[in-house]
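Next up is one chain by itself, shown in structure tokens, the form predicted alone.
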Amino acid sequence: MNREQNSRTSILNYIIALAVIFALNFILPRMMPGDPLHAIYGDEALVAMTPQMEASLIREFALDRSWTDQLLAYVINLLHCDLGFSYYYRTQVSSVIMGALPWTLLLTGLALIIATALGIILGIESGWQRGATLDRCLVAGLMFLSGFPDFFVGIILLLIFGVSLNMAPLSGAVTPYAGLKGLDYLLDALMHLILPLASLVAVQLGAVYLLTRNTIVTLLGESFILTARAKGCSDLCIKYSHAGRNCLLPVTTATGLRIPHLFTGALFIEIIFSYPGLGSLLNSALDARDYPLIQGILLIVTIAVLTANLLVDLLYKRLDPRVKYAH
């Protein structure tokens, strides 16, 4: 019952956070001085709009009615996944975002999985061989990489492997007008993904590695490790089945803190590599001052971060049953 109650509390907190975000998204433009349509779209957009389009938007958002009617229209639009109209792309914001969102989720999802898995393995091996050559090299190398921002690592990899060695594509997610299908299309997308993915993994890897290594070092003197040794368990079994399993708890907690940085880093990486995700889309929206599209992208990124943190919170409670006794 306690575990179910804790899960319900986490979900309730998630719903409250979403409600606050949606409320701010609704209230802030309407509290700005002047016409709400000018606050939402900006003066530049209204210059490019036809009177018919402006009248249609006023009707859609009920901007000529009371706040109650506007709130009702806002909620209905959200339920229909309607985030507004992008005057730059001349279509719905949700349609534009859905075209870019899968590429960002692919990039960030793979970066999170690879950095976490590789960081845990390297951290376990390094902590197990504390003070050895492998341990010293990994600590120095990964701490050095972690000191650079994502976009700087991306620029270096782009210059080395893309420009100088010509080993990877310079931009995009697939080769344009190539007409590739099936396995050829998949391999082409993978080649375009390598450099942006390597940039994110290189920076994210250090935090997971150091946390895992330090946890392993503190666990080596614990009684359950000594008991496993006394029972004749192999080093591989002790490293991964006993010590490694206990590393999952702090790593899972840290993952929730890394997710916002991962998303923001991916936005910059996508701009550098012209990767057609939300980062490139946000850059285009900022250049065009397409405020509804900017607002929609930030809203989607916020929801994605909140959802990921909720999943991490629920997963942690599954990994550590002691959490159910904490309240």
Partner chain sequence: MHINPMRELFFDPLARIGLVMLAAIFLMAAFAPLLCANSPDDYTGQIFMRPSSGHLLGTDSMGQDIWSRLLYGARTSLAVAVAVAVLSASLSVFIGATSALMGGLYETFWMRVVDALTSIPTIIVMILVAAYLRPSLMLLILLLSAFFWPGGARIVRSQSLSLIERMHISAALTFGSGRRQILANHILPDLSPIVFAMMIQDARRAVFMEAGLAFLGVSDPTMISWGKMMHQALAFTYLDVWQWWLLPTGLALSLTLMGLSFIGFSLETAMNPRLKGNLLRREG
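These numbers come from a predicted model, not from an experiment. Each form is matched to the other, and the largest set of C-alpha atoms that superpose within 1.5 Å is called the rigid core. Residue numbers count along the first chain shown, from 1.
One more form of this protein should be noted, the form predicted together with its partner chain, which is absent from this view; the next part is about it.
Taking 148, 88, 240, 161 one by one, only a single residue has any non-hydrogen atom within 4.5 Å of its partner chain in the predicted complex, and it is 148. Among the residues 118, 217, 194, 201, the one placing a heavy atom within 4.5 Å of its partner chain in the predicted complex is 217. Within this chain, residue 298 lines the site of its partner chain in the predicted complex, having a heavy atom no more than 4.5 Å away.
In the predicted complex, its partner chain sits within 4.5 Å of a heavy atom belonging to residue 210.
When contacts are judged by a 4.5 Å heavy atom cut-off, residue 264 counts as touching its partner chain in the predicted complex.
When contacts are judged by a 4.5 Å heavy atom cut-off, residue 291 counts as touching its partner chain in the predicted complex. With its partner chain omitted here, the record of contacts in the predicted complex names 131-139 of 185-193, 96-104, 131-139, 241-249, defined by a heavy atom within 4.5 Å. Each of 24, 143 and 152 comes within 4.5 Å of its partner chain in the predicted complex, counting any heavy atom. Along 250-272, residues 264, 268, 271, 272 each place a heavy atom within 4.5 Å of its partner chain in the predicted complex. Core-superposed comparison between the shown form and the other one: the C-alpha position of residue 85 differs by less than 2 Å. Residue 21: CA moves 2 Å or more between the shown form and the other one after rigid-core fitting.
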